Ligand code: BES
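Just one chain is shown here, as structure tokens, and it is the form predicted alone.
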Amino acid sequence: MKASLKLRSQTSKSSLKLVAAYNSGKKIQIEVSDKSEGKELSSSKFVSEFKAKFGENLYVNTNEQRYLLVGLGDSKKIETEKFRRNIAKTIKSIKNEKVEVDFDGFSKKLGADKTLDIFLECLYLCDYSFNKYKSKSSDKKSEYLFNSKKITKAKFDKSNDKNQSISSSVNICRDYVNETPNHLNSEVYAASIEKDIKKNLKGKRVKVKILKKSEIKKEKMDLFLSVNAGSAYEPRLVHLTYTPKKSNKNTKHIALVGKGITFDTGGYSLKPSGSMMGMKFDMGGSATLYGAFRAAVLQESKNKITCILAMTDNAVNSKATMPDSIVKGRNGKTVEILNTDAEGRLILADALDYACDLKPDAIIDAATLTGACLVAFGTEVCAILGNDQKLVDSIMKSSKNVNEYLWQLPIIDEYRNHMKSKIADLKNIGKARMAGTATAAAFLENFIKNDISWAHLDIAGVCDSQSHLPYCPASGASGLMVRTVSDYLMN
């Protein structure tokens, strides 16, 4: 998708013009910058039947131009997310066109800056498809030219750069999550992220450190290695560090820790075949946090950011970890592994302990961790839990800034007791079918040390689209929560 600002000296003929239309309850109001066009549109017999309700669009042909009237209802009642969804639906309905946006008419309620951000964000988020394995695919894209008296070239370029940075990072998250497990294993995944950094984050003060199996052993990450024991591929721990231009003792340091299970069979606690389909998505936590890290780096965040991604698959062979095994974590605590399908928390446990040694101000982890999260929230809401209400509130504020849904669940002493083992320090599952999302977080809490603020995002429901959101693909990876976490890292 290509977007640019129409300069005053520029003359161009678009194949389609986007025009805002409102309904005040008495009559519709068409917001066209050219008054003669407005008169021509208003006199059209088709427009006389048009109500301009929110979400109702109308194509109109005149002798000179094709128009798409975008119904926005009552201008006083426009809300940010409803507007975003309506614009996204409109963009998705337009294929391979040269489009001129009569922009100023769209910005009556939300203002020019906010409206421009939403338009550009929708353009780039909707400009996504995963078709690399199709023998035939179309590369044709629409081009959008914004006609405005309110937006300067400098302001347009700044908004365009920001939204390209965020949306390209959402889209690379989607690419990783959509990639097939016969192509994306832990070794390939780590190398791919390193390649992206060298290509797209060059000169952005990002250091890359990738720990291989021998180095992970030296770190005594035996819980992580227990998950990798059945794999044909080596595990990888990707450690990324971004340092802002002006860094001093007051610079905040945020650590991100992501679960990167490139495919989850369940191990010896084997999943049924119906539940195994889609388990390529089990590395969604790592892809989400890499996307957020990438977006924040491209926008030159003022915070120091560490991104730690633990990568392996959870497969079965003669060396795979068996249920009833007891394994010691990096922090010295022993874990009774009662279910090898509760593997994500094991790799996160060692990765969180590793992150704590860096002594950041806060740690945020993300994982497609529990099926219980889908039962609780469906595919619309992400769960958040943590040990610091101020941190949780800050992340929830960011989710509201970008209109993504977060809901807090508690970690209480009863849940902590569920995770205690009779023959080890901990066990990796709680009571069957009971508070699975919260007890998993209660397990992870044991690996947070040095009184570090910590928040856990269970993205199991929102990672896979099945989406009601028009700016997400209809199926496959959604990329949700990249914008929330990147907003937090910026603000």
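Because the structure is predicted, anything quoted here is derived from the model rather than measured. Numbers for residues come from their place in the sequence shown, where the first is 1.
The form predicted in complex with the named molecule exists for this protein as well; it is not shown, and the discussion that follows is about that form.
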Residue-level question: is residue 368 within 4.5 Å of the named molecule in the predicted complex, judged on heavy atoms?
yes
Would residue 343 count as a contact of the named molecule in the predicted complex, using a 4.5 angstroms cut-off between non-hydrogen atoms?
yes
Looking at the partner-bound form in the predicted complex, is residue 236 within 4.5 Å of the named molecule by any heavy atom?
no
Taking 4.5 angstroms as the cut-off for heavy atoms, does residue 160 touch the named molecule in the predicted complex?
no
With the partner removed from view, which of 400-408, 346-354, 369-377, 241-249 is the stretch that lies within 4.5 Å of the named molecule in the predicted complex, judged by heavy atom distances?
369-377
Between 47, 28, 429, 452, only one gets a heavy atom within 4.5 angstroms of the named molecule in the predicted complex; which residue is that?
429
Here the chain is shown alone; which of 88, 279, 391, 381 has a heavy atom within 4.5 Å of the named molecule in the predicted complex?
279
Can you name the residues of 216-254 that have a heavy atom within 4.5 Å of the named molecule in the predicted complex?
none
